[in-house]
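The chain below stands alone and is given as structure tokens, in the form predicted on its own.
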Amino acid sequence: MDRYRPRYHFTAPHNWMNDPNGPFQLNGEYHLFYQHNPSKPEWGDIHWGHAVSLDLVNWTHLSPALAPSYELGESHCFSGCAVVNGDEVALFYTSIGEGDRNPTHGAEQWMAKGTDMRTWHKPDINPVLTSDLHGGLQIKDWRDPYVWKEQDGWRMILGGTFEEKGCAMIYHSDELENWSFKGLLHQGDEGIWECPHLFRFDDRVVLFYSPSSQVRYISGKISGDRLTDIQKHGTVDHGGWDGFYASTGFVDEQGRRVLLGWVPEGNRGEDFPAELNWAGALALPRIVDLKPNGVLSMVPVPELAELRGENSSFNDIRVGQLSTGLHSTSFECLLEIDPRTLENNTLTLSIFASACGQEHTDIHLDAASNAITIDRTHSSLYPNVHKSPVKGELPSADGAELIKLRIFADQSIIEVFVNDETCLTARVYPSLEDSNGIELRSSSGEVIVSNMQVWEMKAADIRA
């Protein structure tokens, strides 16, 4: 058994995967596409993998949806989106080739169409958009189309760099084939914006982007094809390249706004001692909402509860140091903590802990510094595995409220949710066979954990 391959997070059948692309639901069936190298567990020869699901948990892999049209000068089918347009679905993606078709200066935006949701053809009109649309503007790293419908037609945003700063450009079309450039929707201070996408909440909007670090969001409004009335600039997940990148999203047939993200594999480091025939996974699908103050809320899809197995429950624990007696590498853990007992104290949940104490990954809840941290210092004895901390701020809360901590551990992935607002994702690669213990401790005095639940998680049914 491959001890590092996730059991309930989505992975490709084998070889490389990165960004999720073009998710949608049609007639009850969820579709997921993703960046995929079908030949090797490393980046290259990028296709679009394709899988379908009825519940966002169990998946069936299909044949790749898109392959590079080598005869037309394509080398890669980069990220993009899907648009349901009546009985037809259009896939928009960034087409990359060699030489003048390089990703920095020569990207083009192409489309493919399908009606049976299993086969996709590229029409002769490609490329649908070229950089000529920008006139004299010099846009670099132009990629990752995202399309939605407004009352006056279709809109598309694309990421890139203008005058050395990341931005999202916006375009208009009446019929998805002829597009006009409307300018910069918004520009940031980062060096690049990748994978821009957005969700609407009545008259408000949340714009997401990946700036080669933690995925960020901006809540505000769109007026005159510009982002205005900005309420909040926040972090979607503090993992970044350590755990969560290149997000995208869609609205399903229940009206839920579903967010997906890639869990990268670079944290294995150089000369990883285990030879694995896969790389990359997806974070758990998240339902997102917008609070009145412009802050994003995120919870894992409730369908994940169907994977819960044996449950262990603890109530009103006064934590000094507690070995739960539990051992698992694939579980969900819920902690509800009285914040008043956290003053000048740190609560630590150690997971993937070995009996000898040499390996453990620590999740620190520190009220004094207002921080939640996945501490990977002792996560592995392998020397080149990445062990830097993944750290975020605790959400603001009334002092009388319980702090609700949800942790999903899955072989080599850890996802942490604090009060449905602060999210962290990280990769760990323990080396010892018995690195599977679960322990609780506090730094000084007693912390009261009102409720602790641990569920063993069954494997999702992901069929090749």
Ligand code: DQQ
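Predicted, not measured: the structure shown is a model, and the values here were computed from it. Throughout, we count residues from 1 along the sequence that is shown.
Just so you know, the form predicted in complex with the named molecule exists too; it's not on screen, but the next bit is about it.
The named molecule in the predicted complex is approached by residue 79, whose closest heavy atom lies within 4.5 angstroms of it. Of the heavy atoms in residue 144, some are within 4.5 Å of the named molecule in the predicted complex. Although the partner is absent here, residue 332 is not a contact residue: none of its heavy atoms lies within 4.5 angstroms of the named molecule in the predicted complex.
In the predicted complex, the named molecule stays beyond 4.5 Å of every heavy atom belonging to residue 258. Contact with the named molecule in the predicted complex, judged as any non-hydrogen atom within 4.5 angstroms, is confined among 107-115, 181-189, 281-289, 243-251 to 243-251. Of the candidates 157, 347, 236, 195, 195 is the one whose heavy atoms come within 4.5 Å of the named molecule in the predicted complex; the others do not. The single contact residue among 352, 262, 209, 92, judged by any heavy atom lying within 4.5 Å of the named molecule in the predicted complex, is 262. In the predicted complex, the named molecule lies within 4.5 angstroms of at least one heavy atom of each of the following residues of 17-44: 18, 19, 35, 43, in sequence order.
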